[in-house]
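Form predicted on its own, single chain, as structure tokens, below.
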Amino acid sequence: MSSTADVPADVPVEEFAARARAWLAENMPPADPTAGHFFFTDTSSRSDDHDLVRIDTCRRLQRLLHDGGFAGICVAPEYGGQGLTPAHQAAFNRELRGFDHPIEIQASTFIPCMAVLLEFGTEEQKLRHIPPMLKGEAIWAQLLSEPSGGSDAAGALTTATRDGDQWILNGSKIWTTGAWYSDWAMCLARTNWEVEKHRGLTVFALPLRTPGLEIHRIELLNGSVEFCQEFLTDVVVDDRDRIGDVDGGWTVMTRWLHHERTISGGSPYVTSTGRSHNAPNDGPRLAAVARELGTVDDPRALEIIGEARALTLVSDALVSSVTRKMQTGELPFHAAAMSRLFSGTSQVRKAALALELTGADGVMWEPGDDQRAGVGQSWLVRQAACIGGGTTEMARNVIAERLLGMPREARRDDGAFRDVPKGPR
């Protein structure tokens, strides 16, 4: 395998793109246009063995990127990256189109986990954890949501109690993508019940194969079992695996949630062509379905295909604009909520358009008919686009309060968190 490792830090973006173009053609396998990101493909014909094979493939692809000098393009060299700029990462992402790449393991490993470590981790934590991430040796998940709190991250009830140089964690987390095959996790826990809820939180890193941690998988309406629930019973975590200050977890969380919102696009840490180029309900996919149904020349079908494609193009333009303006300081980092909001609402709309296009054929399909199965399954789980990665309601609040300066919503949960009324656990 050829390598372009040790690229000089001052390499022009155009020269870097040319190097990437040549290296990709020689080293990376072509993408399978029918495969797609396995989180979004037909689950009825997939098995755990199928997904584990894909995860192993992603690990190998990530190692290829690392050894070729294209992993962690915006990560400092001392942690295994290239120390280049977001413009270099964007150029590589453009050249990557048409090639297979390890997108399945980059969220949540790179965003938010690696991004949070880069901002809040100790030097020892960065040196220990980030190189294995970039080599594909360590896949991370995020233990954030809880059964009692949903999107109210600050209402965490999972408890971390100090015991000398260790912490004992008890509680439960839920809706964790890929925990069943991940190696490590970033976990939010409550370390102080006597202060206001945002001030008594702490973040920890812990291996997912550790005594006292059970992982249960959750089956969704479309048959997917990627989401998991975790039960922590007297899980021991060393204090050296604490990320940030004790009781200072909300400072970490504000950046954690920001990076999670960039899953919709714009992160400088993700190596990806962008979901829109292989989106389940994008215009080209719907055009293929219409051709199968023999309705591709129908005026209403053309309207549907055009609207779906327009939504994708607008999303791409919005992500590009917001990302550029956050990088230059024209917009604060809270602006990532705009991309998150549009991504969620547009995906719901495109799922509705796809079902309108197919009609009864999107409700019932033959085994192996991935095109129509994808339409029906995306309709069943369409609202997940407005929940995962931080809800669109949260994004609306951030936009209203942080960007537009509107009054904050009234709260009824200030004061010591121990005294705040809570529902059944």
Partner chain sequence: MFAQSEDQQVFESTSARFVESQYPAERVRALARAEAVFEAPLWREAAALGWTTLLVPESAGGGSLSGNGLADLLIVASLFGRHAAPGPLFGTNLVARALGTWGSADQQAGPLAEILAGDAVAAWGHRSACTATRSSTGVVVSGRVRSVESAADARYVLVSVDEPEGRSHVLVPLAAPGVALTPLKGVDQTRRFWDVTLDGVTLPGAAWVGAMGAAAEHDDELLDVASVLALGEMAGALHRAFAMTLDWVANRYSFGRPLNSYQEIKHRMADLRTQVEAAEAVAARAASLVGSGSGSGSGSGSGRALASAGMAHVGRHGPEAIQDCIQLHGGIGVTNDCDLHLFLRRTVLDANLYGSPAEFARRLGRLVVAQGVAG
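All of these numbers come straight from a predicted model, not from anything done at the bench. Numbering follows the first chain given and starts at 1. For clarity, a rigid core is taken as the largest C-alpha set superposing within 1.5 Å between two forms.
Heads up, the form predicted together with its partner chain isn't pictured, but that's what we're talking about next.
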item	value
Gly283, Val314 and Arg408 all contacting its partner chain in the predicted complex, non-hydrogen atom within 4.5 Å	yes
Position in contact with its partner chain when the complex is considered in the predicted complex, options Phe120, Trp175, Tyr79, Trp180, heavy atoms within 4.5 Å	Trp175
Option touching its partner chain, based on a heavy atom within 4.5 Å in the predicted complex, out of Thr161, Thr254, Ser151, Thr210	Ser151
is_contact(Glu393, its partner chain) in the predicted complex, heavy atom dist at most 4.5 Å	yes
4.5 Å heavy atom contact, Pro299 and its partner chain in the predicted complex	yes
Interface membership of Thr85, its partner chain in the predicted complex, 4.5 Å heavy atom rule	no
Glu15, heavy atom within 4.5 angstroms of its partner chain in the predicted complex	no
Answer range among 335-343, 255-263, 103-111, 186-194 for contact with its partner chain, defined in the predicted complex as heavy atoms within 4.5 Å	335-343
Those residues of 199-216 which, in the predicted complex, come within 4.5 Å of its partner chain by heavy atom	none
Residue shift check between the shown form and the other one, rigid core fit, Arg291 Cα at least 2 Å	yes
C-alpha of Asp413 off by 2 Å or more between the shown form and the other one on rigid core	no
C-alpha of Gly306 off by 2 Å or more between the shown form and the other one on rigid core	yes
